[in-house]
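Read the single chain below, which is given as structure tokens and is the form predicted on its own.
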């Protein structure tokens, strides 16, 4: 008589299944890559400065996480959706808000409101180009970025205004060993996860990315959802630019340049589908940490920015190819 496996103990057999389920998570690979980059850096440095490196990784990865969340929502809308105006929006927001505050501590809150209003305006303008003029998103956001950058140049006029002291202190300090910037990024990531996993709007975003026509026929307010996504991306870019200028001691015209590629890289490496319809919030943190630790590792080995950009491009292409093969084999 064949004996049936004992399933009365719910704990039995859960560890292997849990391990397999974890390995299958697309975000796990970004964290493993970050761990390998960290270990490679520690090998070269002889294990010195591990805590300092982790603190710096959390600090600088926070900026990539914040813009990456906004870019993730845009990319999730489906092929052709990408926000290339993020760097220029960051620069314009930082320039105008710091110029308004003029290093006065009493103007921090109004200055932050200015940042949000400018970000809101950028997002609305981007979507107006897309909806009203029917310009493809990649062209619309690239075109608007030139306008935003020109406005930043006109308003900046070569001046570098320092942020108010309390704001600079907040952006460069931490609580319980964690940078304040990382706590802000964690909060925003948590909100993004709730929207995608628990809110109706999140399901609408995923539905549009998976099948636009089907989403329209099922009653999803496509234009309203796309409007919210593009405005949300601009607002996150605004918050990032405001905090980055506060952290770095002022705004400059090139402060957002690296985030055009970085905002896309953390989305792709983090496990979100470049074809849309699938988002991965935890993976953005893993990818952002990996990108910073990769730079640290390359710097430790004496390699420059050119090599970093080449490796970043290779990594993105590799991830896209692997993801495409998985999709076709599924």
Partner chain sequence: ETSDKRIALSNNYAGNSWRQAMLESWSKVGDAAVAEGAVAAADAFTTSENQATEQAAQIQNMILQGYDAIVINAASPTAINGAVREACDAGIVVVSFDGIVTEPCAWRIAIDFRQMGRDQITYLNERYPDGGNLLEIRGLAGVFVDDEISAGIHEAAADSKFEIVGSVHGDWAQDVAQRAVAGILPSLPEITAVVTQGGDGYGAAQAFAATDRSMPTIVMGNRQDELAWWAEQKAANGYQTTSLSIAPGVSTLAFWVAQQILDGQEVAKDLSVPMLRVQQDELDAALEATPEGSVANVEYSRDDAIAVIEASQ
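Numbering follows the first chain given and starts at 1. As the structure is a computational prediction, the values presented were derived from the model and not from experiment.
Omitted here: the form predicted in complex with the partner chain. The next part is about that form.
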query	finding
Which of 231 to 239, 182 to 190, 113 to 121, 247 to 255 lines the interface with the partner chain in the predicted complex (heavy atom within 4.5 Å)	247 to 255
Heavy atom within 4.5 Å of the partner chain in the predicted complex - residue from 34, 58, 69, 262	262
Residue 99: touches the partner chain in the predicted complex, heavy atom cutoff 4.5 angstroms	no
Proximity of residue 107 to the partner chain in the predicted complex, heavy atoms at 4.5 Å	no
is_contact(residue 292, the partner chain) in the predicted complex, heavy atom dist at most 4.5 Å	yes
Partner contact for residue 153 in the predicted complex: the partner chain, 4.5 angstroms, heavy atom	yes
Residues in 88 to 107 with any heavy atom within 4.5 Å of the partner chain in the predicted complex	103
